[in-house]
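Heads up, the chain below is alone and in the form predicted alone; it's given as structure tokens.
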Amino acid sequence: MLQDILQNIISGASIGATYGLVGLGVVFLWLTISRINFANISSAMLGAYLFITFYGMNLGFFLSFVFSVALIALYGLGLRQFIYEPIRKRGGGRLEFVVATLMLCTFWLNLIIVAYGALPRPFPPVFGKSTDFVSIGSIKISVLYLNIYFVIAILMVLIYILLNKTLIGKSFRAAAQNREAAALMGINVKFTTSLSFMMATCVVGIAGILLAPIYFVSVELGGGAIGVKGFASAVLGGLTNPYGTILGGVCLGVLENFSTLYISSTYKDVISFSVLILVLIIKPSGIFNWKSKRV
């Protein structure tokens, strides 16, 4: 019994941390423009499909990963340039931006179905096979989950260094706290906005690549379930705390695994969505929002 509990915590935390990466896409844009970008959800799906496309060209893991993330970053820049800026300049508000990004997400879902088909595709075993395990005493940990932990840990260290140890991070945090004051101090707010869009799509694209070995490469990665779980992670973190968002995702992933273990896998999404609704009702500022005004 204890062995099952520990293994479910480890695997659930791994998947949940990936949900947290999707939530980071919400956090970065909320901090800088106070908007929810539904087109970000499609970044997870696009990242996975781009990776298998490049990998199928025999480019190897590293180049496939770099090219996929680079294109997803350009996608984020395009979202700012061709959707956010035109709407902002014409005096549009949050509703117009939400509708535009929701329609774009629907467009990508349909385009992927036309280009690749609706059937899920297997992801190459670049992170290890699901049948490969590392034994620690009586506990068996999947190599796949360990590698996912490793990638997320590296990514979080890089994000921490960028946000807290560089001039770019200081500019980003200043613009997040007060855009007008940051502009008066000589900070290029346009650049920080572009950076936030690119960071948002990049982390979600990487999340899609990490989730693909578990969910397969399918339109489900760009569908509502993954997006809502990412949003739930961001809400648990209070929409302003990247590290609280990751922790919120971990809690959500563990909750899903235990609901599957003790109740039924049929209800795991229902439980996740119920948690989101309860948090929005009881504590809309977020459970892990210990740094509400800072990145």
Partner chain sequence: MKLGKGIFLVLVLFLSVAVFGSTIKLALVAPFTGLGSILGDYIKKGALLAVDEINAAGGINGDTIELAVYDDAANPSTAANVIRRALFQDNAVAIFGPNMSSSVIGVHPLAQQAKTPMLVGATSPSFRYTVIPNDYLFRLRADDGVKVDNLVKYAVEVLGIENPGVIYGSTDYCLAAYEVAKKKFAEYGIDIAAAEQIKEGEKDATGQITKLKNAGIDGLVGLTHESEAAVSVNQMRQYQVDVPIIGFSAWGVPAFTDLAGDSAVGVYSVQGFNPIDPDPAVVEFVEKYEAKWDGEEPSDPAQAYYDGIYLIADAIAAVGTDGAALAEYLADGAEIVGVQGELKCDEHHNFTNVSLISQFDGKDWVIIDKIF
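Positions refer to the first chain, counted from 1. The term rigid core refers to the maximal set of C-alpha atoms that superpose within 1.5 Å between the two forms. Bear in mind the structure is a predicted one, so any value in this text is a computation, not a measurement.
Not on display, but discussed next: the form predicted in complex with the partner chain.
Heavy atoms of residue 219 reach within 4.5 Å of the partner chain in the predicted bound form, making it an interface residue.
Not displayed here, the partner chain is kept clear of residue 17 by more than 4.5 Å at the level of heavy atoms in the predicted bound form. In the predicted bound form, the partner chain sits beyond 4.5 Å of every heavy atom of residue 157.
Contact annotation for residue 118: at least one heavy atom lies within 4.5 Å of the partner chain in the predicted bound form. Distance criterion of 4.5 Å from any heavy atom to the partner chain in the predicted bound form singles out 214 from the list 174, 189, 214, 71. Partner contact region in the predicted bound form: 107 to 115, out of 107 to 115, 149 to 157, 194 to 202, 163 to 171, criterion any non-hydrogen atom within 4.5 Å of the partner chain. In this stretch, 39 to 77, not one residue has a heavy atom within 4.5 Å of the partner chain in the predicted bound form; the partner itself is omitted from this view. The two forms, fitted on the rigid core, differ between this form and the one not shown by 2 Å or more at the CA of residue 259.
Residue 63 is not among the residues whose C-alpha shifts by 2 Å or more between this form and the one not shown once the rigid core is aligned; its shift stays under 2 Å. Superposed on the core, the two forms barely differ at residue 35: its CA moves less than 2 Å between this form and the one not shown.
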